[in-house]
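The data below hold one chain only, encoded as C-alpha coordinates and taken in the form predicted on its own.
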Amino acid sequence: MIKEKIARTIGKYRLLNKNDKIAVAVSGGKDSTTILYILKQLGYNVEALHIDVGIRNFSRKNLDNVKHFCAENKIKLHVFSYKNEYSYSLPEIQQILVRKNIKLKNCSVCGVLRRNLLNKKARTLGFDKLVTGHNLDDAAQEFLMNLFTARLSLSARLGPKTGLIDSKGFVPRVKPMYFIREKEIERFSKKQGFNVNYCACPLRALAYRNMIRIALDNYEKENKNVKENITGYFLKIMPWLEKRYENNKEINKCRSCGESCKDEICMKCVILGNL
(Lines give C-alpha, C1' and ligand atoms only; values in the text may rest on other atoms or scores of the structure.)
Protein backbone atom coordinates (compact mmCIF):
# COMPACT_ATOMS: atom_id res chain seq x y z
CA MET A 1 0.00 0.00 0.00
CA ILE A 2 2.73 2.46 0.97
CA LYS A 3 4.80 1.44 -2.04
CA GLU A 4 1.89 2.18 -4.39
CA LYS A 5 1.18 5.55 -2.72
CA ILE A 6 4.80 6.57 -3.11
CA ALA A 7 4.85 5.54 -6.76
CA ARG A 8 1.68 7.59 -7.42
CA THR A 9 3.10 10.66 -5.67
CA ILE A 10 6.33 10.41 -7.65
CA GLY A 11 4.37 10.18 -10.90
CA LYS A 12 1.81 12.89 -10.15
CA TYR A 13 4.35 15.50 -9.04
CA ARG A 14 7.17 14.32 -11.35
CA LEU A 15 9.54 14.00 -8.43
CA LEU A 16 11.98 11.45 -9.86
CA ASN A 17 12.86 9.53 -12.98
CA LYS A 18 14.84 6.34 -13.49
CA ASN A 19 17.80 8.21 -15.01
CA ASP A 20 18.30 10.36 -11.89
CA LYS A 21 21.22 9.79 -9.56
CA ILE A 22 19.35 10.02 -6.27
CA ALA A 23 20.67 10.77 -2.79
CA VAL A 24 18.43 9.75 0.11
CA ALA A 25 19.04 11.58 3.40
CA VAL A 26 19.02 8.72 5.91
CA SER A 27 19.02 9.44 9.63
CA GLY A 28 18.68 5.88 10.93
CA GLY A 29 15.00 6.32 11.80
CA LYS A 30 11.91 4.66 10.37
CA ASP A 31 10.93 7.34 7.81
CA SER A 32 14.20 7.75 5.94
CA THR A 33 14.97 4.02 6.09
CA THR A 34 11.54 3.21 4.65
CA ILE A 35 11.82 5.61 1.71
CA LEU A 36 15.34 4.39 0.91
CA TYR A 37 14.12 0.79 0.93
CA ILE A 38 11.07 1.46 -1.24
CA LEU A 39 12.92 3.57 -3.83
CA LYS A 40 15.44 0.74 -4.14
CA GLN A 41 12.54 -1.70 -4.59
CA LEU A 42 11.03 0.55 -7.27
CA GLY A 43 14.26 0.39 -9.26
CA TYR A 44 15.63 3.88 -8.68
CA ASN A 45 19.37 4.59 -8.63
CA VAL A 46 19.75 5.46 -4.95
CA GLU A 47 22.64 6.11 -2.58
CA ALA A 48 22.43 7.09 1.08
CA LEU A 49 23.67 10.28 2.77
CA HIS A 50 23.99 10.18 6.55
CA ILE A 51 24.84 13.18 8.73
CA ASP A 52 26.28 12.36 12.17
CA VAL A 53 25.31 15.26 14.44
CA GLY A 54 27.26 13.86 17.39
CA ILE A 55 24.58 13.24 20.03
CA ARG A 56 26.57 10.54 21.81
CA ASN A 57 24.86 7.12 22.00
CA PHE A 58 21.82 8.31 20.03
CA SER A 59 23.92 9.25 16.98
CA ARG A 60 26.20 6.21 17.28
CA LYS A 61 23.19 3.87 17.28
CA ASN A 62 21.69 5.63 14.25
CA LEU A 63 24.94 5.35 12.31
CA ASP A 64 25.25 1.65 13.17
CA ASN A 65 21.69 1.06 11.96
CA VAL A 66 22.31 2.91 8.69
CA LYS A 67 25.55 1.04 8.00
CA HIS A 68 23.87 -2.32 8.66
CA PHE A 69 20.86 -1.49 6.49
CA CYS A 70 22.91 -0.22 3.54
CA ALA A 71 25.27 -3.21 3.66
CA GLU A 72 22.34 -5.62 3.79
CA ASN A 73 20.59 -3.94 0.85
CA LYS A 74 23.74 -3.23 -1.21
CA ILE A 75 23.29 0.55 -1.12
CA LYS A 76 26.29 2.87 -1.27
CA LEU A 77 26.57 4.98 1.88
CA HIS A 78 28.21 8.40 2.35
CA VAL A 79 28.77 9.54 5.95
CA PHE A 80 29.58 13.09 7.05
CA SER A 81 29.66 14.63 10.50
CA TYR A 82 29.17 18.02 12.13
CA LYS A 83 32.45 17.48 13.98
CA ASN A 84 34.48 17.07 10.80
CA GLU A 85 32.64 19.68 8.74
CA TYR A 86 31.93 22.35 11.37
CA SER A 87 34.54 21.48 14.07
CA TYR A 88 31.79 20.99 16.69
CA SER A 89 29.10 18.40 17.43
CA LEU A 90 25.53 19.62 17.90
CA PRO A 91 25.68 19.41 21.75
CA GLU A 92 28.95 21.36 21.71
CA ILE A 93 27.44 24.04 19.46
CA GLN A 94 24.43 24.39 21.75
CA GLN A 95 26.62 24.61 24.86
CA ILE A 96 28.61 27.49 23.34
CA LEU A 97 25.45 29.34 22.26
CA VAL A 98 23.94 28.98 25.74
CA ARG A 99 27.17 30.17 27.34
CA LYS A 100 27.10 33.26 25.11
CA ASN A 101 23.38 33.80 25.85
CA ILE A 102 22.45 33.36 22.17
CA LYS A 103 18.93 31.98 22.15
CA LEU A 104 18.64 29.57 19.25
CA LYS A 105 16.67 26.32 19.59
CA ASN A 106 18.44 23.00 19.06
CA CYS A 107 16.18 22.00 16.17
CA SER A 108 16.59 25.37 14.42
CA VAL A 109 20.37 25.15 14.61
CA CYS A 110 20.44 21.51 13.58
CA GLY A 111 18.00 22.06 10.72
CA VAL A 112 20.07 24.85 9.19
CA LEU A 113 23.37 22.98 9.51
CA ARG A 114 21.93 19.67 8.29
CA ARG A 115 20.25 21.20 5.22
CA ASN A 116 23.41 23.07 4.31
CA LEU A 117 25.57 19.98 4.60
CA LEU A 118 23.15 17.70 2.75
CA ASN A 119 22.82 20.14 -0.14
CA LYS A 120 26.56 20.80 -0.35
CA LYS A 121 27.52 17.11 -0.31
CA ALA A 122 24.71 16.06 -2.69
CA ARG A 123 25.86 18.73 -5.15
CA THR A 124 29.55 17.85 -4.80
CA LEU A 125 28.84 14.15 -5.32
CA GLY A 126 26.84 14.89 -8.48
CA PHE A 127 23.36 13.84 -7.39
CA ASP A 128 20.36 15.00 -9.44
CA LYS A 129 17.82 14.80 -6.60
CA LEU A 130 17.87 14.73 -2.80
CA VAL A 131 15.09 12.68 -1.19
CA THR A 132 13.99 13.21 2.41
CA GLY A 133 11.70 11.08 4.56
CA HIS A 134 9.16 13.82 5.35
CA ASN A 135 5.62 12.46 5.72
CA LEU A 136 2.04 13.74 6.03
CA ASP A 137 2.43 14.53 9.73
CA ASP A 138 5.54 16.61 9.00
CA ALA A 139 3.76 18.49 6.22
CA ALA A 140 0.77 19.41 8.40
CA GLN A 141 3.06 20.48 11.25
CA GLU A 142 5.21 22.67 8.99
CA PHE A 143 2.24 24.53 7.56
CA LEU A 144 0.76 25.19 11.00
CA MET A 145 4.12 26.33 12.37
CA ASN A 146 4.52 28.85 9.57
CA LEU A 147 0.90 29.97 9.86
CA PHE A 148 1.05 30.49 13.64
CA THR A 149 4.33 32.41 13.45
CA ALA A 150 3.24 34.56 10.46
CA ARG A 151 5.91 33.08 8.19
CA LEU A 152 3.80 31.93 5.25
CA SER A 153 6.62 32.97 2.93
CA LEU A 154 8.41 29.83 4.10
CA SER A 155 5.43 27.67 3.16
CA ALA A 156 5.67 28.94 -0.42
CA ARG A 157 8.82 26.84 -0.71
CA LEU A 158 7.28 23.64 0.66
CA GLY A 159 5.21 20.82 -0.82
CA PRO A 160 6.17 17.44 -2.33
CA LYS A 161 8.91 19.30 -4.24
CA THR A 162 10.83 21.90 -2.21
CA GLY A 163 11.86 25.35 -3.44
CA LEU A 164 10.52 28.23 -5.50
CA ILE A 165 13.16 28.22 -8.22
CA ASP A 166 15.73 26.04 -9.96
CA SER A 167 19.30 26.98 -9.11
CA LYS A 168 22.62 25.25 -9.76
CA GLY A 169 23.47 25.90 -6.12
CA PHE A 170 20.59 23.77 -4.84
CA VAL A 171 20.02 20.08 -5.47
CA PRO A 172 16.22 19.66 -5.86
CA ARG A 173 14.72 18.18 -2.68
CA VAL A 174 11.67 15.92 -2.97
CA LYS A 175 9.35 14.17 -0.52
CA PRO A 176 7.81 10.99 -1.99
CA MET A 177 6.10 10.12 1.33
CA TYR A 178 4.34 13.49 1.53
CA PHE A 179 0.86 11.89 1.71
CA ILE A 180 1.68 8.97 4.03
CA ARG A 181 0.94 9.09 7.75
CA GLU A 182 3.73 8.52 10.25
CA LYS A 183 1.82 5.63 11.84
CA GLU A 184 1.59 3.87 8.46
CA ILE A 185 5.35 4.17 8.05
CA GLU A 186 5.97 2.82 11.55
CA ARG A 187 3.74 -0.21 10.90
CA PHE A 188 5.50 -0.88 7.58
CA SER A 189 9.00 -0.58 9.06
CA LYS A 190 8.15 -2.96 11.91
CA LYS A 191 6.56 -5.45 9.51
CA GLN A 192 9.74 -5.39 7.39
CA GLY A 193 11.84 -5.85 10.52
CA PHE A 194 14.00 -2.78 9.95
CA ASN A 195 16.60 -2.27 12.66
CA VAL A 196 15.88 1.43 13.21
CA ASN A 197 15.71 3.87 16.10
CA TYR A 198 12.08 4.58 17.05
CA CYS A 199 13.09 6.99 19.82
CA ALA A 200 12.79 10.74 19.26
CA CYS A 201 15.87 12.91 19.22
CA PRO A 202 16.77 13.65 22.88
CA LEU A 203 17.30 17.34 22.07
CA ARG A 204 13.87 17.98 20.57
CA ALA A 205 11.83 18.21 23.80
CA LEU A 206 11.53 22.02 23.84
CA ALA A 207 11.23 22.43 20.07
CA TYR A 208 8.27 24.42 18.76
CA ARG A 209 7.56 21.64 16.26
CA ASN A 210 7.19 19.20 19.14
CA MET A 211 4.50 21.40 20.71
CA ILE A 212 2.63 21.54 17.40
CA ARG A 213 3.00 17.78 16.93
CA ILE A 214 1.49 17.01 20.34
CA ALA A 215 -1.39 19.47 19.85
CA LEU A 216 -2.16 18.13 16.38
CA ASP A 217 -2.05 14.50 17.51
CA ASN A 218 -4.47 15.31 20.34
CA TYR A 219 -6.82 17.17 18.01
CA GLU A 220 -6.71 14.24 15.59
CA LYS A 221 -8.36 12.00 18.17
CA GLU A 222 -11.62 13.87 17.55
CA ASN A 223 -11.00 14.82 13.89
CA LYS A 224 -9.41 11.86 12.13
CA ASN A 225 -8.72 13.54 8.79
CA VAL A 226 -7.32 16.79 10.14
CA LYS A 227 -3.79 16.21 8.77
CA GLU A 228 -5.07 15.36 5.31
CA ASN A 229 -7.33 18.44 5.46
CA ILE A 230 -4.46 20.74 6.44
CA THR A 231 -2.11 19.52 3.70
CA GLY A 232 -4.96 19.49 1.17
CA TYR A 233 -5.77 23.11 1.95
CA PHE A 234 -2.11 24.05 1.76
CA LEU A 235 -1.72 22.50 -1.69
CA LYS A 236 -4.82 24.38 -2.87
CA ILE A 237 -3.42 27.76 -1.84
CA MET A 238 0.15 26.95 -2.87
CA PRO A 239 -0.16 28.65 -6.30
CA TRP A 240 -1.33 31.83 -4.52
CA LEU A 241 1.55 31.59 -2.03
CA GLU A 242 4.08 31.19 -4.84
CA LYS A 243 2.72 34.23 -6.63
CA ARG A 244 2.45 36.26 -3.42
CA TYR A 245 6.05 35.61 -2.46
CA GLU A 246 7.61 35.49 -5.91
CA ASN A 247 9.99 38.29 -4.85
CA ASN A 248 11.63 35.72 -2.55
CA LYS A 249 13.01 33.98 -5.62
CA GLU A 250 16.14 36.11 -5.70
CA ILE A 251 19.28 34.12 -4.93
CA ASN A 252 22.51 35.59 -3.59
CA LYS A 253 25.89 34.12 -2.76
CA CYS A 254 26.91 34.12 0.90
CA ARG A 255 29.74 36.62 1.40
CA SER A 256 31.36 34.23 3.85
CA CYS A 257 31.15 30.73 2.31
CA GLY A 258 29.91 31.34 -1.23
CA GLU A 259 26.90 29.06 -0.90
CA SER A 260 23.57 30.14 -2.41
CA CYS A 261 21.26 31.93 0.02
CA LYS A 262 18.61 34.65 0.25
CA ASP A 263 20.57 37.17 2.34
CA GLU A 264 24.13 38.44 2.23
CA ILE A 265 25.21 35.93 4.88
CA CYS A 266 23.67 32.46 5.06
CA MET A 267 22.22 31.22 8.34
CA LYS A 268 24.86 28.51 8.57
CA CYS A 269 27.58 31.15 8.65
CA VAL A 270 25.58 33.28 11.10
CA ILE A 271 25.37 30.33 13.50
CA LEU A 272 29.00 29.28 13.11
CA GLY A 273 30.11 32.92 13.36
CA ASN A 274 28.55 33.07 16.82
CA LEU A 275 30.80 30.25 17.98
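Just count from 1 along the sequence shown to find any residue number. Because the structure is predicted, anything quoted here is derived from the model rather than measured.
Another form exists, predicted together with a small molecule; not displayed. Remarks below refer to it.
Checking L118, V109, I75, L97 for any heavy atom within 4.5 Å of the small molecule in the model of the complex turns up a single hit: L118. Contact with the small molecule in the model of the complex, defined as any heavy atom within 4.5 Å, is confined among 237-245, 50-58, 36-44, 218-226 to 50-58.
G133 belongs to the set of residues with a heavy atom inside 4.5 Å of the small molecule in the model of the complex. Although the partner is absent here, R123 sits far enough away that none of its heavy atoms falls within 4.5 Å of the small molecule in the model of the complex. At least one heavy atom of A25 is located within 4.5 Å of the small molecule in the model of the complex.
Residue contact with the small molecule in the model of the complex: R181 places no heavy atom within 4.5 Å of it.
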